[in-house]
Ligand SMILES: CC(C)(COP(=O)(O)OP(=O)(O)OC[C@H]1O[C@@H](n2cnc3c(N)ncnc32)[C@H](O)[C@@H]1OP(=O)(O)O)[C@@H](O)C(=O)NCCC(=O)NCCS
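Here's a solo chain for you in structure tokens, the form predicted alone.
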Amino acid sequence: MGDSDAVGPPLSRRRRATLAAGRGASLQPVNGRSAAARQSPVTVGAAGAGGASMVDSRGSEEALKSEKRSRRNDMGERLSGCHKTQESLLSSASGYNNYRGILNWCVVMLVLSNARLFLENLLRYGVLVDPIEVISLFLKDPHSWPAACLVIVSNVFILVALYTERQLSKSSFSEPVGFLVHCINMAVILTFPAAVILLVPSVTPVGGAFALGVYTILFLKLYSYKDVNMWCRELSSIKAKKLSRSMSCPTPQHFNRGDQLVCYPGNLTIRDMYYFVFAPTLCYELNFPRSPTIRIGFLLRRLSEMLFFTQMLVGLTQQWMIPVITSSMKPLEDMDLSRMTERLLRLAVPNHLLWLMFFYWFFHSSMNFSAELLCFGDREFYRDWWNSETVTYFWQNWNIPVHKWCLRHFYKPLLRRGFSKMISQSAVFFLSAFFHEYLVSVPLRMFRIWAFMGMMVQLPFAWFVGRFLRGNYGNAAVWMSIILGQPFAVLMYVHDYYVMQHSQEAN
């Protein structure tokens, strides 16, 4: 009993200490790990195997569920409707506008069809291109250059206009006297070259047309020069310090070369006058917008385009246009309407192609070339006339220099004088029709009204297209008038010229 009593309490104390230590160990981590982390490998392995079996069972259940969901979705897609409310692509209501492939197809078909016609022309007529023959279109006598002499004489009218404006600025001429001198000067500009062409037999039709074109441009420029300087005098008389851009004296932000602004009458110099004469514009300003430098690469590209398209225009005219026109004379003499229509359609394609080439050669290559040489900043010589949905939009955007001149010096002055828009617009078409006829009838030395009537017909045609045709239909109507109207006028003039030459040879 004594031994047991002596031994018992220490053992019980050790047992309690061990239990207490076990409880403490279960609560306190050792080296950052809990007691669960210090379990024996066997225990951990058993627990891991149980967890893996649980994960596998859960994964198989999720796979079955996802498979069921995919089956349900698949059945739902099969049962769901495959139609919805929508328009066909070629319908205007669909909003679809990417027709690049169709445009490429049209270009390919156009190239192939014209290649066939050109090959047929070569097989039938042979090679007709002769660059040397082109010189004879400008000169009959190599020692007599009347058209070139006419162009040189035009400097007289330039100097007369400058002298008149200088006298007006000094009040040496009164306003009525200056106006009378300007009117006489510009009337002679139009009548003098026409009289020379009609009276001098050595002037060829092509040379005469070139000289008349130069004089017509000079007429429009000097008219603008007269108007702008008159506006400057009117404003200076009321002590105006600056002129708005609409009155041809823009503010300094239009320039990037640091040039000093010129004010009236400091603009009345030889240099300023001839800069305006050679600048690619018809509307005069005291201070034109200027580009900073001359880009040599841009200049050479425009020059190469000018040379290339000049050769193309001459070659296609000799090889394609002349044979078709020559073969059209007999149907025109016999008044065979079916053959005339066939010749008209045959002439429409080469004539339209030449017109497009001429547009690019003149309005893009040539005018940009001269603008780059003169550092002329305003290069808007045309807008997107090819998208014209009305005839009026076409005439307003295919020749911007002429449109600006008509708007500034003819249309708006008529409105300010109380005329209606319809009358003013008709007057603009009448003026354009006059110059078209002037540039064709005088060099051919025969007076017809085909060009004049062609322009005046544009008035009712513009009303019809604007009233009844819209969108693509209006654009197609504009293209039809360009493609068929021009060759019809060409055939009329060529027929009349051919008949006139035949009658002269018979006499």
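Heads up: residue numbers just count along the shown sequence, starting at 1. Bear in mind the structure is a predicted one, so any value in this text is a computation, not a measurement.
Heads up, the form predicted together with this ligand isn't pictured, but that's what we're talking about next.
Site status: open, since this ligand, placed by superposing the C-alphas around its site in the predicted complex, has no atom within 2.4 Å of backbone or C-beta atoms. Here the chain stands by itself, but in the predicted complex one stretch of 418-426, 320-328, 183-191, 367-375, 418-426, has heavy atoms within 4.5 Å of this ligand. Of the candidates S154, T390, S291, Q396, Q396 is the one whose heavy atoms come within 4.5 Å of this ligand in the predicted complex; the others do not. In summary, among the residues R301, R379, K412, R116, the only one with a non-hydrogen atom within 4.5 Å of this ligand in the predicted complex is K412. Interface membership of H436, defined by any non-hydrogen atom within 4.5 Å of this ligand in the predicted complex, is confirmed. Looking at H352, you'd find every heavy atom of it more than 4.5 angstroms from this ligand in the predicted complex. Among residues of the shown chain, V228 is not one whose heavy atoms approach this ligand to within 4.5 Å in the predicted complex. Although the partner is absent here, V108 lies well away from this ligand in the predicted complex, with no heavy atom inside 4.5 Å. Highlighted residues I158, A161 and L282: none comes within 4.5 Å of this ligand in the predicted complex, counting any heavy atom.
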